[in-house]
Every structure is written in structure tokens, then in C-alpha cells.
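Only one chain is shown below, in C-alpha cells, and it's the form predicted alone.
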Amino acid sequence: MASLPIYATTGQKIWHYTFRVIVGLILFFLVAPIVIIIPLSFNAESFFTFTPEMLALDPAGYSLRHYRDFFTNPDWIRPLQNSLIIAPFATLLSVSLGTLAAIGLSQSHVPYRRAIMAIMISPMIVPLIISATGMFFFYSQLGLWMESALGFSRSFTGYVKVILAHAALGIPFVIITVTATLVGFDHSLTRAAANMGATPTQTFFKVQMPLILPGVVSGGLFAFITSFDEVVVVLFVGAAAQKTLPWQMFTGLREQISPTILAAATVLVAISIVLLATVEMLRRRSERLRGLLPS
């Protein structure tokens, strides 16, 4: 934040420091509920509150017992494995379809592209419970068809349904980030590549993709986070065999209050911080490539 100029009036000085206090309060309001779970996850007791030993910073009040339970208990290992299976496949689908949609909608000759764009990002606007209800009826019929016509097992179709549903939630993030990257894209590069004999596929992978890659990866990371943290849709579409980590945390809060939930939440927070830091690095790289930032 810039410092005050020496000629600032008294009113400007008051607003300068008041603004800092407001920003600090907003930051505390947003971050405090997330940060508070981190020390609680090291509680040596099976409580959701700070014990006197923790408040006194006594080492005896802290333990890794909840992390050991999280990484060794089958009740947590299986949901973690399901999340690590579902999220990457959903991300791959979201990135593939979202990138193609963004490139298509960036073409000026596409009719009604603004209306099409609004429809394709509607899963971000429509309340999730409504989307989950519609997905339940749609994907339940798809699952029955795959079991009866194709002979797939119920467990396999369950994974397919959840992956498709999560991909539908992740596609809008990819469309938005790739479209933002394409705003500064110089289309004369693709025309130059075509004039030099490159095929459309060669032009896409060797000219266009390297320049829009930061937006593609950023959208993929948002799609991954969306799938990894999602619980409402998987409750509607999935079955017990597809129980994910957020589903297990929701069940744990409702049926058995275990501080292992705090350890799981801390792990998710750490993953989210790493992914968001990666997104920020890619955003800066994209701006450097487009000449918006000095190298």
C-alpha cells in the first residue's frame, strides 16, 4: 500500500488509516475460520476446542494422533483414494471440453456466442442443489443404460457418473480462464502458420496452445479444486463405493464428531494453498508472455 504524501490533509490521513483497518478486518473475517482449524488439528485430546495445555503452549497438549488416524484409518483412506481417482479424470474432461469451447466461442463468426457462453457457465450461477437434482435424474438413467446395454458393473458406472457430473461443474472455470487468455491472443499468428503450410492441428499445438497454456492450466486447477472439494453432487449421483473425502467429512460431522476431520481439513487447505500459488505463478507468467509485466 502506498505511503501518504507529505501534503496529505488531516481527512486524507484519517481515511488512509481507516481504510487499512477495514482491509485488515475483512482479511481477518475471511481467513480466521480457515486458520483456526490448523492448530486445533494438532490437539492431543479428542476435542474440538483449545485445551488449557494448548493455550499454555505446553508440548504435551499437541499431537499428530489425528494425522496418523487420517493416513492409516480405512474409513479415511478409501474416500481419499476415491477423491484422487475422481478429481483428475474430471479435471481432464473439463480441460479438454472447456478449452475447445472457449476457442470456438472466441471466433467472431460464431452466432449467438454470448448467449451460448452464458448457458455454458450457468452451472456456476445455478444453485448447486438444483444442478445436483437434475444430474441425479439424468445420470441415473445413463447409469442404468450402461449397466444394461454395455454390461458395466454398478461400481464402474458410479465412478463414471460422478466424474461426468464433476466435469460439468469444472468446465465453466476452464472456459472463463481460457477465454480471458484468448482476449490478448494475436490471431495473425495462426493465419501466418497456415500460410506457411501448417495444418490446423499443428497450428493449435505449436502456436496457439503454448500461448494460452497458462489459462488452460489455471482452469484445470480450479476444476480440480472444485471436484476435490465437492460434496453435494456426489451425494446425489454417487453411491457408498464412490464416497469422497468431503463426503466422509460431512458424514463425520453429522454422525461422529472426530477431530480427524480437522486433520483432513488442514490437508485440504494445504493442497488448496499450493494450487492457488501455482495459479498465481501461471497468471504472472501469462502476463509476462503478453508483455503486460516486465520479464
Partner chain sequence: MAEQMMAADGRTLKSSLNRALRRQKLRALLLIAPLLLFILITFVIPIGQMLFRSVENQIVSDTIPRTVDALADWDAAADQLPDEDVFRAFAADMMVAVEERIHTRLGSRLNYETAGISSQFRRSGRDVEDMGEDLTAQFTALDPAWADPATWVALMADPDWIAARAGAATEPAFIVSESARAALPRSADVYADFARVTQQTNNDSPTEEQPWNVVYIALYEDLLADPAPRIAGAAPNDMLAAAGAAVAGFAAPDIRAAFVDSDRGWGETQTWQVIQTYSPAYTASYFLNAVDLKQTPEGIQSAPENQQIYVRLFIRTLIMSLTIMVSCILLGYPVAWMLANLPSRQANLMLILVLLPFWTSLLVRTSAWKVLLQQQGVINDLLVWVGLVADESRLTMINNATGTIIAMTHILLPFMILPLYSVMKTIPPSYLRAAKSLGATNWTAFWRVYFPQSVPGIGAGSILVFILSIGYYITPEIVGGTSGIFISNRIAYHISSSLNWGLAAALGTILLVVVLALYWAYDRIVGIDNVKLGG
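Numbering follows the first chain given and starts at 1. Because the structure is predicted, anything quoted here is derived from the model rather than measured. If you superpose the two forms and keep the largest set of C-alpha atoms that fall within 1.5 Å, you have the rigid core.
There is another form of the same protein, the form predicted together with its partner chain; it is not shown, and what comes next is about it.
With its partner chain left out of view, choose which of L27, A241, A60, L64 has a non-hydrogen atom within 4.5 angstroms of it in the model of the complex.
Partner contact (heavy atom, 4.5 Å) among the options: L27.
With a cut-off of 4.5 Å between heavy atoms, is N195 one of the residues that contacts its partner chain in the model of the complex?
Looking in the model of the complex, residue contacts with its partner chain do not include N195, since no heavy atom lies within 4.5 Å.
May I ask you to check whether V162 falls inside a 4.5 Å heavy atom distance of its partner chain in the model of the complex?
Result no; V162 lies far from its partner chain in the model of the complex.
Test of understanding: in the model of the complex, would I14 fall inside 4.5 Å of its partner chain by heavy atoms?
Contact check for I14: no, nothing within 4.5 Å of its partner chain in the model of the complex.
Just to confirm, L150 within 4.5 Å of its partner chain in the model of the complex by heavy atoms?
Result no; L150 lies far from its partner chain in the model of the complex.
Based on heavy atom distances of at most 4.5 Å to its partner chain in the model of the complex, which listed stretch, 67 to 75, 80 to 88, 109 to 117, 151 to 159, is the contact stretch?
Heavy-atom contact with the partner occurs in 109 to 117.
Every residue in S122, A167 and F173 with a non-hydrogen atom within 4.5 Å of its partner chain in the model of the complex?
Yes, each of S122, A167 and F173 comes within 4.5 Å of its partner chain in the model of the complex.
Within 82 to 111, which residues have a heavy atom closer than or equal to 4.5 Å from its partner chain in the model of the complex?
Contacts from 82 to 111: L93, L97, G98, L100, A101, I103, G104, L105, Q107, S108, H109, V110, P111.
Does I14 count as moved between this form and the one not shown, where moved means a C-alpha shift of 2 angstroms or more after fitting the rigid core?
True for I14: a C-alpha shift of 2 Å or more.
Cα displacement of V23 between this form and the one not shown reaching 2 Å, rigid core superposed:
True for V23: a C-alpha shift of 2 Å or more.
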